[in-house]
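The chain that follows stands alone, in the form predicted alone, written as structure tokens.
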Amino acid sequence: MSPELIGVIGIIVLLVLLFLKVPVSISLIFVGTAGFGIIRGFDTGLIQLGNTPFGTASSYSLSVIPLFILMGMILSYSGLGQDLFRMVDSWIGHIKGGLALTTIGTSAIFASISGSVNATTAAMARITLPEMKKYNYKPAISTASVAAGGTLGILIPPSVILILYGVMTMEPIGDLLIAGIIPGIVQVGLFMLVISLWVRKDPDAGPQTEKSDWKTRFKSISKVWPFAILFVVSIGGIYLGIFTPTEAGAVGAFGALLLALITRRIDLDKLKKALSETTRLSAMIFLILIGADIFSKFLAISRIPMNITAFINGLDWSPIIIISMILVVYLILGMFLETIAILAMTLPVVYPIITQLGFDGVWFGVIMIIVMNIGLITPPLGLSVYIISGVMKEYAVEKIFRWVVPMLAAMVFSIVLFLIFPQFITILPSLMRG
């Protein structure tokens, strides 16, 4: 068999394993090692399997991952989400649809701390859904706001997924983290616009609540401002060139621990859970990256990425048509597979095409994440929807999928906007580079 045919068979086997729920890392390692062995000899394949784990895991750039995860876990276990919700609610909760707007705003802030879709969605579902139910919000608007807000978790920095993209493509991690800020703010604005139009059309969907006095508002700020400073210092330090991403992660993790201890938000039991969860997630991500490295080397010797790039370069098609087709493929994949699995499987093939077409790698990383985010609230995978249904069991999954359609429209609109005006994504990294 030709190397190209072996590569195609390897991709098919990988997809089958993923659909059979075999762990992503194991699937990548198995297919990559077996394919490499078939093409170059099994002795060479086993040598590759022996050398790659250390070579990948010892990379300095990967040290940023456990640091930002630890920062997010400490703050998550410190109960910050509840205080964030109370703060935002005290300022805007009294207007029509205010609690739904508060959910979006709180999700954006919490996402900037946790960097995780699952953590953001689960926290907001537990905190905000009972509150909106208490004030007779219709389930449609309450679940839609939580689902949409949760997708911000892998867009607003520090985003673990954007860090992984940077590691896999060698794009500057600092640029990627900063690039997610404006798109995140734009999506927050669009989600809030959808809610405002929703309650204007159906006033009963989001009734008004009582207005907080100024004393309550300022008291709510006093509980969260230290953590806001922590975010500004860590992410702002990257933008200003004071910290590298790894140094910013270290400052953020240490600062989060220090603040949590000073404010007595965390005890020994919660700290153990935060450390345990950080270790588990970091190990999972590192193993996936090892598998992705092995799989990408297998694809490289199969010559599939090179041949696909040459084929696309020979087409007399506009680059915008090609990039649109690639994004549609990512949209479809996002409906069936986890984000990390998609990155590991596709970037060895897609990234060379993107650079050959002249697109900015940082821009593509951010817009690709936004496209795959749609899969988090669409069937059949719809992870965020299943998390919401798990928290509020009286809301059927099928209904939630219907209720989030207006938010999907906002996400699609933002993708079109960023395709037409890539400066929304690239302006902050370009300013940071001077």
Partner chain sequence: TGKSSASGTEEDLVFSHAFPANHIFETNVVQQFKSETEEATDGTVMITSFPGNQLADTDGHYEAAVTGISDMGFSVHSYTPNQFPLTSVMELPFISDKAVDGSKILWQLYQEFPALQEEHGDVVPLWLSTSEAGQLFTVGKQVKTPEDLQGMQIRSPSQEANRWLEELGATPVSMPMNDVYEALERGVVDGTVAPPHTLLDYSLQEVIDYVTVGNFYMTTFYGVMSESAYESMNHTNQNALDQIRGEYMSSLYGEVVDERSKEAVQAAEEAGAEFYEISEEELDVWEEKMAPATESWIEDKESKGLPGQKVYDRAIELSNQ
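Positions refer to the first chain, counted from 1. These numbers were taken from a predicted model, which means no experiment stands behind them.
Beyond the structure shown, there is the form predicted together with its partner chain, which is absent from this document and is the topic of what follows.
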| query | finding |
| --- | --- |
| 4.5 Å heavy atom contact, I238 and its partner chain in the predicted bound form | yes |
| Its partner chain contact at T346 in the predicted bound form, heavy atom, 4.5 Å | no |
| Non-hydrogen atom contact M432 with its partner chain in the predicted bound form at 4.5 angstroms | yes |
| Close approach of G55 to its partner chain in the predicted bound form, 4.5 Å, heavy atom | yes |
| Interface segment, criterion being heavy atoms within 4.5 Å of its partner chain in the predicted bound form, picked from 200-208, 320-328, 294-302, 180-188 | 294-302 |
| Among the candidates F231, F359, F243, Y77, the residue which, in the predicted bound form, approaches its partner chain to within 4.5 Å (heavy atoms) | F243 |
| In the predicted bound form: members of 57-82 within 4.5 Å of its partner chain, any heavy atom | Y60 |
